[in-house]
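Shown here is one chain on its own, the form predicted alone, set out as structure tokens.
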Amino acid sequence: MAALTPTVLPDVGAPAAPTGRPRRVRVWRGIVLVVAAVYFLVPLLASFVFTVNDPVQGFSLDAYGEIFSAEGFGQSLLLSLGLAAATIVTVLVLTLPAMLAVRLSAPRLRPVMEILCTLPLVVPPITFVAGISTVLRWGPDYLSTTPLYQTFIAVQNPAFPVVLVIADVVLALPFVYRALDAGLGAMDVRTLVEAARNCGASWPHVMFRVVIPNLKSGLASASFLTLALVLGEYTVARLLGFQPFSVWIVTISGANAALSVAVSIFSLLLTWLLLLVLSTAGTRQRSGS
């Protein structure tokens, strides 16, 4: 008989030998986080000190008390939030069905759609707004006797400029496409759609009861990026002569510097709060599913 070699079983309770690599990774991660925190928080702290340091009274919160009573604050803020909501809805309604149709029926067109959706990244905003302003000037001049004349006038209504929604949709298209593409890539869309269709579900039912519930994280990311873009967009609105919140902040900066910085801090915190709400909603939906 062959000699049996005893097998020594490892001690389950014995701790693993430290390798040193995870600790090194944690140290570098901490260093990066500290540098990032200093980079973002030091300017914010300096801005806050500037707003509360009154040469006469010392520490004062008067600049923050003047925010809500400043002329044009509420109107410009509500306009920006309305533009953001309209842009999010419009870009999702245009992008999501098109991406589903390409994935299910024409996968060879995915490169073409990707190029079209990412094209706004290579167009300078100043060139983009120059083209929009040229079209807006050309329309009323040559279409004054047609029904389209009222359309050109309506999209430039200062109370709610639809032309800004159209421009923001184009600017947000690359970010929305990437967010939705990542979300659709993480799920088996074809299997889910075919199973729902075989069970007799209509296309609206498939969209709202099958696809969207499984794509909540991607939709939240797309809304997250679009909201941040619209609230911070300045070039297009300023050159077209409208006054959303970002343009209003620059407008009041010449009259009251402390108020302008206080409003900037307030808008930054408001944006963070709205983005946190969207991120939390997406996380809850992802964990629940």
Partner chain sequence: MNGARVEFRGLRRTFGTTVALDGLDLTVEPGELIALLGPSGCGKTTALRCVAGFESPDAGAVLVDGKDITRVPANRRDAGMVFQSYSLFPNLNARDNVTFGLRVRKVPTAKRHARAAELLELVGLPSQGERYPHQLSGGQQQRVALARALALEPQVLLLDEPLSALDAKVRVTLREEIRRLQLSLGITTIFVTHDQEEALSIADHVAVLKDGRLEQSGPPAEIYDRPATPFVAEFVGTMNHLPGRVTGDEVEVAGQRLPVHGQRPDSPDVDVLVRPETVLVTPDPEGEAVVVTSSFRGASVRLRLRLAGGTEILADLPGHDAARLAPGEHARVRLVERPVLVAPRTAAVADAVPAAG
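Residue numbers count along the first chain shown, from 1. Small disclaimer: the values here were computed from a predicted structure and weren't measured.
The same protein also exists as the form predicted in complex with the partner chain; that form is not shown, yet it is the one meant from here on.
- A heavy atom within 4.5 Å of the partner chain in the predicted complex is found for one listed residue only; from L192, V112, A182, A154, this is L192.
- Between 145-153, 173-181, 71-79, 212-220, the stretch whose residues reach within 4.5 angstroms of the partner chain in the predicted complex through a non-hydrogen atom is 212-220.
- At the 4.5 Å threshold, heavy atoms of A196 reach the partner chain in the predicted complex.
- Though the partner is left out of this view, H205 does reach within 4.5 Å of the partner chain in the predicted complex, counting heavy atoms only.
- Not displayed here, the partner chain is approached by D188 to within 4.5 Å at the level of heavy atoms in the predicted complex.
- V162 falls outside the set of residues with a heavy atom inside 4.5 Å of the partner chain in the predicted complex.
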